[in-house]
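Coming up is one lone chain in structure tokens, specifically the form predicted on its own.
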């Protein structure tokens, strides 16, 4: 895996787009997802994001329809980004065409984030596809690359990325359902299965960010047992009851840190 990224990436990661709104101390926020051109206006304000994210209490599930709403990658150059500097954040990008991806990667080299996350698997924007040379182009930027995979049918994507020397993966994105992308408790078994497959298939050469349904330290322990060495929190962090809960974040951060230290001790 990229040792430089392993040294700088916090044990607890805030997934996109939620990292646009909340950046607790001691975590790494993922900002975006940015596209090549403006899409649906400026990033949804916190209140609008909540309106596009529905919680199903009986299932412990979330469905979001944010759909990559953002002002386009060039907004990061035109205006200072609020919150942490990009050098301390992951930058999530999504291209609809090869030209989009080329522009996004060019801008990424100029913006110099901690790492770039290729969000190829967003369920709100149609079929999942990518240009044949995308992963090699991304690696050639010299910026650490993370590929965010879907919870199902991710094997061809992983194999192509591995062949291009990508060594970090985020497992997983939300699950496509008729009303948007499903996250929360129902996603966790699928995400755990993806993490386990990545680790068993490729060993310690990969860095794996595991996420989907993380709500408590016990969930982080489950992801660590499956093979994750970083842990991502997404839609659950947007609950008003926990948004300002420093204790909730601290508990997750402490558990994630402990799991990372344990993993480091056992690696060759």
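Residue numbers count along the first chain shown, from 1. Every value quoted in this text rests on a predicted model; they were computed, and no experiment measured them.
This protein has a second form, the form predicted in complex with a small molecule, left out of what is shown; the following refers to that one.
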Do residue 16 and the small molecule come within 4.5 Å of each other in the model of the complex, heavy atoms counted?
yes
Within 4.5 Å, heavy atoms only: does residue 68 come near the small molecule in the model of the complex?
yes
Find out whether any non-hydrogen atom of residue 27 is located within 4.5 angstroms of the small molecule in the model of the complex, and reply yes or no.
no
Residue 35 within 4.5 Å of the small molecule in the model of the complex, heavy atoms
no
Can you tell me which of 83-91, 105-113, 165-173, 127-135 lies within 4.5 Å of the small molecule in the model of the complex, counting heavy atoms only?
165-173
